[in-house]
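One chain is shown next in structure tokens, namely the form predicted on its own.
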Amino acid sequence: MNEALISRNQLRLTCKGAHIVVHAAEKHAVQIGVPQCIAVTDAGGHLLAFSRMDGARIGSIEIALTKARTAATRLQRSEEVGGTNDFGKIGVALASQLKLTGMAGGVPIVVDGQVLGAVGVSSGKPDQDVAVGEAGIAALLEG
């Protein structure tokens, strides 16, 4: 078999790893006093773990998942998708049939240069959503 045609030893985020991200993100959300919806996806944007904290907005459930899906599949933070203007961000959302977003709060989980998935957070202000997601990823990377 031609080895140039296959890939081996791809890292993957486990269910347990996804739950570590969620629990650490919840802890940070409690510390800042902002209940959040937190979604963790695999590299394909498929849900691995989710939490809607008591008091988090119900409307933020799908937004958190969309932010995570965006970061995982676009290999970048969700706020970077669509560029710096609202028209670009709206264009990405419409072109993807609202499956992607340019809203802040989606952060890819990167290990050894590979995107293993992402965390998406919604219910707070953009900087709060990002900080909660980053706290979850930091706990995973600390091991």
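We number the residues from 1 along the sequence you see. Only a predicted model underlies this, so the values are computations on that prediction, with no experimental measurement involved.
Another form, the form predicted together with another copy of the chain, is not on view; read the next lines as being about it.
### Query
Given that the partner is absent here, does R52 sit within 4.5 Å of another copy of the chain in the model of the complex, heavy atoms only?
R52 belongs to the contact set for another copy of the chain.
### Task
Consider V34 of the chain shown here, and say whether it contacts another copy of the chain in the model of the complex, taking contact as heavy atoms within 4.5 Å.
So V34 does not count as contacting another copy of the chain.
### Query
Does L13 reach another copy of the chain in the model of the complex, with heavy atoms at most 4.5 Å apart?
Within the cut-off, so yes.
### Query
According to a 4.5 angstroms non-hydrogen atom cut-off, is K27 in contact with another copy of the chain in the model of the complex?
No, no contact at 4.5 Å.
### Task
Taking only heavy atoms into account, state which residues of 20-57 are within 4.5 Å of another copy of the chain in the model of the complex, ordered by sequence.
Going through 20-57 in order - heavy atoms within 4.5 Å of another copy of the chain in the model of the complex - the hits are I20, H23, E26, D42, A43, G44, H46, L47, L48, A49, F50, S51, R52, M53, D54.
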